[in-house]
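In the form predicted on its own, a lone chain appears below as structure tokens.
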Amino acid sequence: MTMLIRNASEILTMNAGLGVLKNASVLIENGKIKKVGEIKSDKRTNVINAKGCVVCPGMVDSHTHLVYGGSREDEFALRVSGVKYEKITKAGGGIASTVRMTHQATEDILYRSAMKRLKNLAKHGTTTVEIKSGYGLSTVEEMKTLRVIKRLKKDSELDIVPTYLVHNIPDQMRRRDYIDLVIEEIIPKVARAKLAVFCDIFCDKLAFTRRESEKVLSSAKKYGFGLKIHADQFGDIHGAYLAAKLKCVSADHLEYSTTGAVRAMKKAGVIPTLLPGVTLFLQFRKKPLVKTYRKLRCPPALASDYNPGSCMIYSMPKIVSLACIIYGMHVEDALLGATKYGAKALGLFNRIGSITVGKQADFVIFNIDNYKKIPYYFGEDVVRYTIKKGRIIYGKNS
């Protein structure tokens, strides 16, 4: 199948910065990018007239918790009335609340609700998404969630990257015993069933220590998993330094990470991943060192961290807006974070994340005439088409 996206006002190639091409076109053949620039169409080509539009690589959401049961609006009401997230967690809310509701849901219920969420992601320009487990906290329940993600991966139009997340300590279980269960049983079973690409762990003062996290991730590495880490969200326990030591693919959150940790991640090739939706939802005053990332030339990825407790935002264009508004990121850096560096945070930049000849034809076409309007129109839906592997998976004519 051949498609031509013709005469776009701007094409953001994400090569050498944004790599903006004016009044340019993209030719697609067999789901891949064939040519970029000035291209003539013929009668055999399916043509999208992109005049007045911005063409961007498909958005890459490299951190989500998309499969879960129930909802936590009561906790949201408590937080906005002044109750701290840490207090809610210690009272049996937070992650533990979603764990209980996810246990009660069948695989079919989890599958159907997550599939609806995936369709919403596509409407907002996301073409590749990572999905974590982590609301199981037992062998049976973690495997259940990962089987749901496998079904979604098979049936969804989006590319899905599955991650096994070691999220929290189950109620009524000693820390040491749970770490042993994860290392001796869950990781080997997930590996044998080939249900995850990455292993992630919540390394923070509310969850696992740096020593526990290193033990788990080192074990996962032996089974062939790529490594990710939730690091330094609620305090600096040197999670980002651990990411550098273990050469994790990405380290996420990073609100309390220091300048030294940023240098260590840059040297180790770790992709820092920032989650401004969580900063908004949890009303954090502490923010990651965005100016330091720019100064040290250690560009971060952006992701939604869509989950029922701390971020119900799945729209990556809105995450780009929030990165600019809350973190003070430059528009260009935010757009690169949602595409190029999101792809790098999943180890997929050889295939997606830029508009480059030979790469997968994943695009979002915005119904605006310049890229600065993507975060500017925060309250409007400006996605005209979402294209995956050269095929329109969402579109509207107006």
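Just so we're clear, the structure is a prediction, and the values are computed from it rather than from any experiment. In case it trips you up, residue 1 is the first one in the sequence shown, and so on.
Another form exists, predicted in complex with a small molecule; not displayed. Remarks below refer to it.
Worksheet entry | Heavy atom contact within 4.5 Å of the small molecule in the model of the complex, the stretch among 330-338, 57-65, 25-33, 354-362 | So the stretch in question is 57-65.
Worksheet item: Among 144, 167, 238, 318, which has at least one heavy atom within 4.5 Å of the small molecule in the model of the complex?
Response: If I apply the 4.5 Å criterion carefully, the residue I get is 167.
Worksheet item: What is the one choice in 178, 293, 314, 85 with a heavy atom within 4.5 Å of the small molecule in the model of the complex?
Response: When the small molecule is considered in the model of the complex, the option within 4.5 Å is 85.
Worksheet item: Taking 202, 230 and 305 as a possible spot, do all three reach the small molecule in the model of the complex with a heavy atom inside 4.5 Å?
Response: Looking in the model of the complex, the three residues 202, 230 and 305 all sit within 4.5 Å of the small molecule (heavy atoms).
Worksheet entry | Contact of residue 156 with the small molecule in the model of the complex (heavy atom, 4.5 Å) | No - in the model of the complex, heavy atoms of residue 156 and the small molecule never come within 4.5 Å of each other.
Item to complete: Report whether the minimum heavy atom distance between residue 95 and the small molecule in the model of the complex is within 4.5 Å.
Response: Yes - in the model of the complex, heavy atoms of residue 95 and the small molecule come within 4.5 Å of each other.
Worksheet item: Taking 4.5 angstroms as the cut-off for heavy atoms, does residue 135 touch the small molecule in the model of the complex?
Response: Flag for residue 135 set to yes.
Worksheet item: Hey, in the model of the complex, does residue 102 get a heavy atom within 4.5 angstroms of the small molecule?
Response: Judged by the heavy-atom cut-off of 4.5 Å, residue 102 is well away from the small molecule in the model of the complex.
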